[in-house]
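Two forms, one protein chain; structure tokens for each follow separately as structure 1 and structure 2.
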Structure 1
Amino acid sequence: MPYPQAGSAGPAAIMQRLRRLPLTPPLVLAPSLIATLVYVVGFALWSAWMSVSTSTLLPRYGYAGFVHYRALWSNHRWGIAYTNLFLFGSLYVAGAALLGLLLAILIDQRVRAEALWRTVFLYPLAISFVVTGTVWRWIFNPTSGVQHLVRSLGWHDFSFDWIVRRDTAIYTVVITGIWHASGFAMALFLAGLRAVDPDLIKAAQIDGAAMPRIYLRIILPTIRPLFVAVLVILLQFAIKTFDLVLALTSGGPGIATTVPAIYVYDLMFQRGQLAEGAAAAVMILAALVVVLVPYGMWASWRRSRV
């Protein structure tokens, strides 16, 4: 015993003894670990099981094989939804990250009223997807929004009808999503830019690098871990997109802007096809795996090179 224990009672002594127990860290971590196990891993496995079960309106546990996957992939609507997920996901994540980065770099130039700009750009995140979708539906709507405004100003052949055209409606979802999330990306990037040692920039200035080169070669590589964080957060926003699409286009025109989350909801809770809905949910997970596993391999390959 390094410390005398005799006669040591009282809260301080008890706390000290508690701290020495090897059990304490696992105990503290247990609630979140258990919650993660049950809700993430447990329910994911349950969904996977459901997707090969004979469930219809209610869960049933008989084995049905991969019929639901076959049914899913032979469905035209699912094909569109899955394509939309990749199209929307990549454009939304890249767009919000790039615009956020650009805003962060501009605000980082010691602009006047910086706090005001930060608030203005961060504000969209405080608005729910439903409100965002509704307002932007009015803006995109040819008879009430931008097109109407410009035409009433005199440009009578002006046309901005993306939201009612099948081939372009998905881009209105992308634009709205970027508007909503780029301020959030900006806030994260700005925090990262502010944390970069100002001496690095001074050293690079003396080294003769111009400002674009300083950003590209020194500052941005320094905050690379932040890019990963921003991309992962945006990616999960993209994959669970549901209410934004519902409020903005209701998946239309027709089924042009359906996304997998809507499709899953539809099957499971509207049509009582629990098994096929679960199969669709598993395919969303698969989409995530397709993106994250190569990234994880690339990251560990990089680590092994250092």
Structure 2
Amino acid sequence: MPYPQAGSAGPAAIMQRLRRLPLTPPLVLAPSLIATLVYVVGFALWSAWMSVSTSTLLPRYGYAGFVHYRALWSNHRWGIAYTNLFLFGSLYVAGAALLGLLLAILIDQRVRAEALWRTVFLYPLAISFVVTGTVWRWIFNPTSGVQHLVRSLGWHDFSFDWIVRRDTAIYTVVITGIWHASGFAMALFLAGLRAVDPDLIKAAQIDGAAMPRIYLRIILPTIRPLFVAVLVILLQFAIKTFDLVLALTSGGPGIATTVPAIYVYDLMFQRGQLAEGAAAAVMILAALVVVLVPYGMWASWRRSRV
């Protein structure tokens, strides 16, 4: 049996040489870049063309102008959907960020069983939106949820029927979304809090500053960039919300909780209006661009100053 000669390259040496090749990084990144170009950029451009085409049930590539955008914005249901997006997005982002920050500050006090609490607060993130919406629909249901439970305890005048009322149903979606996302925000904020230089905190404590003042004046300003990142990520979640609303309220009662993603699905797959559905999808993409482009420019500007 031949033995390897002295000085022959082993697997580790070969991998090290491959890493030094100038073409290795582009070759490693090429599959991801190609997939991004095809499935993100390519389909986004295709949707944009479909939105100005003569498509109905099936794609057609004739040019129809912006008639579908005019029809979209003149539709009462789309107006409600976009209004719900702003209402849900603002309350959802603010609520999840504030609750996540509060949980992170509480856990940052080195509480007992810290790992257990982190797991409990992060657990909702491991559950799909469909399961979350289904469970919370049972909780909000007047005949089987909180209202039924409280009335069975003797408070017969108690009422908690938000999910079946047009003026309050959207707030059940907000509550459910905050419950699902606050653990995610907590994990990000906790990582930022633990990254703060402990010498700053000790110096403030030596000067006699109380912990609330230390958080407000030292710790939170230090992690200010993290706030922007958390808000941008939560805004993306809010804009793309679909399965949570579908499982919780199905866009009802009536159209009270319809959001743009549900409207796109209804146009494309229920009514067969491909062009108008593509126009609605482009408007959702525009909302994402409004969020992501300023954040990208701000992040680039911040890196250039470092």
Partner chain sequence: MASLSIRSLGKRFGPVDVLHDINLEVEPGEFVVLVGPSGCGKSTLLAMIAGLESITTGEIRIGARRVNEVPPRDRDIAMVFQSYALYPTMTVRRNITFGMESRRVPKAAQAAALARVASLLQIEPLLDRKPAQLSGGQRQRVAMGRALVREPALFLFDEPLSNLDAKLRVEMRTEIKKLHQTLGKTTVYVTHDQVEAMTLASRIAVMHQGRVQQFDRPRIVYERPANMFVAGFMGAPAMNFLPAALATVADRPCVLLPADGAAPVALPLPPVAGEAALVPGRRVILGIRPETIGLAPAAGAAATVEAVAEVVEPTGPDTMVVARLGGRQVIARFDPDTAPDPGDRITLALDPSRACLFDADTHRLI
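Whichever C-alpha set is largest while still superposing within 1.5 Å between the two forms counts as the rigid core. One-based numbering along structure 1's sequence throughout. Model, not experiment: these values are computed from the prediction.
Structure 2 derives from the form predicted alone, whereas structure 1 comes from the other one.
Once both forms are fitted on their rigid core, the CA atom of residue 254 lies less than 2 Å apart between structure 1 and structure 2. A movement of the C-alpha atom of residue 102 falling short of 2 angstroms is seen between structure 1 and structure 2 when the two forms are aligned on their rigid core. Once the rigid core is used as the reference frame, the Cα position of residue 154 differs between structure 1 and structure 2 by less than 2 Å. The shift recorded for the CA atom of residue 297 between structure 1 and structure 2 is 6.9 Å, with superposition on the rigid core.
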